[in-house]
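Read the single chain below, which is given as structure tokens and is the form predicted on its own.
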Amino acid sequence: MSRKTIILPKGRRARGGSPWIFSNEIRMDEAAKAIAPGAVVNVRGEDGRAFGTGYFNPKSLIAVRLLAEECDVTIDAAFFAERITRAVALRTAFYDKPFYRLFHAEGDGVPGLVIDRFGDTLSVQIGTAGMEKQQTAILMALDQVLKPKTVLLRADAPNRTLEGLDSYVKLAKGEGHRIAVEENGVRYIADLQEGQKTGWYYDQRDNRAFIAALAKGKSVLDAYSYTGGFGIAAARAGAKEVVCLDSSAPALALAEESARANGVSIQAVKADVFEELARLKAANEKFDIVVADPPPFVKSKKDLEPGAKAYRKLARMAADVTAPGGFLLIASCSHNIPAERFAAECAQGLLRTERRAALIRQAGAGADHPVHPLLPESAYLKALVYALD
């Protein structure tokens, strides 16, 4: 069967190089609607101009996600092997051990595919119908390039429902899903099957190192700590006290296990973060360093206003428990709130504490999370560090 073609009509918004093409940009006729979700297609203008090879889903707002700039590119194991090889070469330029985000979707040229590497174990996140159809080719390519011992498929991201896909988590190769993660000289224990996303958050690696460098002899509150990424790094760096605060008992159990693996101690507190911050303020308890790295408050565009208000509230309440002369890190992993809006909300929250704050660091994810230069949505992580008087 010959490959189907998606047509971009004249008069529609000209494509500016983004790998995404929305449903209102294409000719959504009966022929297009009949194409199976996830099918590989060519994309052309009405004048025959080639826009590239991609995969199509008539049920999704993002109707086409481009894989190549040329039409008729073969999408098979060899294609994925080339992209994965290129991604590995980039990571080995700045990491000396194979612990990193191996593949970051659009940033590495394959929308809908995220892979985290933990030595000889891979956690593969498949988020779209197009990548679901390519699962066999992807696994073949990974075997060809890396020969991993274990491959876990994490096909359970919420956006899969928008693609008409079921959710599942399963081992595609090997056994076991509890692994050790090496990061910044710290050893963490992670559960790739039961944990969130791919099982670990490499995106905060550089920010954890920054906070750890400030932590010697300091008291540290790691709010929304999950499995203790910031807190244990701070403890390893010589913090005198570390409190890991989270609402998940399993995540805190992993944090305590990781602390023991590093020969350090933490205090794990299971509680709602906002409620515990209010209690700490009432008790006049303060910390030299406070980290607040919450789950996304703005999961979709309709959540922008309430989510922005939540970031403002978090900044205020986190500052209330930051000691004079201390440091406060606030992060957002919500790509639906622009960096400028996030910074403005945090500033308003700090203003309400009537304390002087100096912004000393603005950062995103590490270099293993490359950003597509024409897709600002791929730069989702925002981290701000303030010095407070």
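Note that this is a predicted model, so its numbers are computed, not measured. Residue positions are given as counts along the sequence shown, with the first one as 1.
This next part talks about the form predicted together with a small molecule, which is not shown.
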Judged by heavy atoms and a 4.5 Å cut-off, are 80, 83 and 103 together in contact with the small molecule in the model of the complex? no
Against the small molecule in the model of the complex, would residue 171 count as a contact residue? Criterion: heavy atoms within 4.5 Å. no
May I ask you to state whether residue 117 is within 4.5 Å of the small molecule in the model of the complex, using heavy atom distances? no
Taking 4.5 angstroms as the cut-off for heavy atoms, does residue 294 touch the small molecule in the model of the complex? yes
Is the gap between residue 303 and the small molecule in the model of the complex 4.5 Å or less for some heavy atom pair? no
Name the residue from 92, 159, 135, 196 that puts a heavy atom within 4.5 Å of the small molecule in the model of the complex. 196
The small molecule isn't shown here, but in the model of the complex which of 273, 189, 268, 71 has a heavy atom within 4.5 Å of it? 273
Within 4.5 Å, heavy atoms only, one stretch in 221-229, 172-180, 279-287, 235-243 touches the small molecule in the model of the complex. Which? 221-229
